[in-house]
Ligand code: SIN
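One chain comes next, on its own, written as structure tokens: the form predicted alone.
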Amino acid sequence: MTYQLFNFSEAEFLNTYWQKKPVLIKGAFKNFIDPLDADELAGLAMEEEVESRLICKQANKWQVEHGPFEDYSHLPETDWTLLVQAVDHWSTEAAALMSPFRFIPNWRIDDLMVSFSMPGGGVGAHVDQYDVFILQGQGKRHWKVGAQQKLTEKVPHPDLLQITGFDACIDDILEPGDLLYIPPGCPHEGYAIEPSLNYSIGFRAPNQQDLLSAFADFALQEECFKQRYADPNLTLRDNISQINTGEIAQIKELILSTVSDKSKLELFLGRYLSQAKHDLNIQPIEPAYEPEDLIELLEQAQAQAINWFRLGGLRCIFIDTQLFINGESVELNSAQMPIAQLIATQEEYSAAELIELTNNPDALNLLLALVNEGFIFIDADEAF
């Protein structure tokens, strides 16, 4: 299924709303059809590799359970929500929901969280520190959203950080196909009016701690940045317990020089930003295909008009001529660049365009490596 945004200007949205103020777009998706149902979502939450939570509020007391879940027979008829992270990693149909939002750079897109709520179900009023689009699927949900404001936090459960209340600038009932955008730091609360599915397209926003910690791990892994502090011009001083301003400046420069190394910084960023936060459903080809096997598969797929797909949740980004994919880097030559650009910018490919862009050995070998890794695959439901 292909999803398309209506009543939406990408340029106007970025200029007026992105990281500035929340907005509700009624009817953003015409005749919206859910890519999965509540039973399929519940099934995903029973898998060990999938991160999921059940949040219930009974007798004004919040409860949180973490998956995987064995059954749901203990749940009441109201006031609970099942949340499943990174559903785009496990469902090709759900991953298609990400495509309309890819006017935002690939490295900023995080994952698709899907929730199912019974009437009254929600997670309470809270604040997120990242951008999010919330798409209403099945059912109706009442949402309140506020601009950034002074807030009071509370912790009704060790796994929940909520706020006590806020002034809302959006107060509306969302129906299937309605879309809500919430910038970082804006308080919001939603609860189901009837059994509801919601799709949250979240965006990655690493903080300084995340970056510094990951950069330190990179330095240890690469065994780089080992230059030591040196002071060959040291002189006598009156107070030997004092670090003087010149020494502070020298230590600061020693630290800053690590991020001034362009090649190392780009290698770190490419690897770090192309890594998925959640497990991927990677299924490598065993035994691995040879070039002639892939050529035959492509020709058969072309004859039957069967498409190929990129693995859901797979991150592909470019820095100059390097393709970073799932934390690994590939230095590309000019023959490989067109097929790499196609793979990185689209999630679905016709066999015809793959054949056209792999008419030389280097490009074919790049595609072959990605197929054998399980990063690019043929439509399993249509495969011959």
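Predicted model, so just to flag it, every value in this text is computed and none were measured. Residues carry their position along the shown sequence, with the first being 1.
From this point on, the text means the form predicted in complex with the named molecule, which you will not see here.
Although the partner is absent here, residue 198 is a contact residue: one of its heavy atoms lies within 4.5 angstroms of the named molecule in the model of the complex. Among heavy atoms of residue 89, none comes within 4.5 Å of the named molecule in the model of the complex. Within this chain, residue 310 is remote from the site of the named molecule in the model of the complex, having no heavy atom within 4.5 Å. Using a 4.5 angstroms threshold between heavy atoms, residue 140 stays clear of the named molecule in the model of the complex. Between 108 to 116, 240 to 248, 254 to 262, 223 to 231, the stretch whose residues reach within 4.5 angstroms of the named molecule in the model of the complex through a non-hydrogen atom is 108 to 116.
With the partner omitted here, the residue from 97, 145, 83, 314 that has a non-hydrogen atom within 4.5 angstroms of the named molecule in the model of the complex is 83.
Screening 278, 271, 126, 204 for any heavy atom within 4.5 Å of the named molecule in the model of the complex leaves a single hit, 126.
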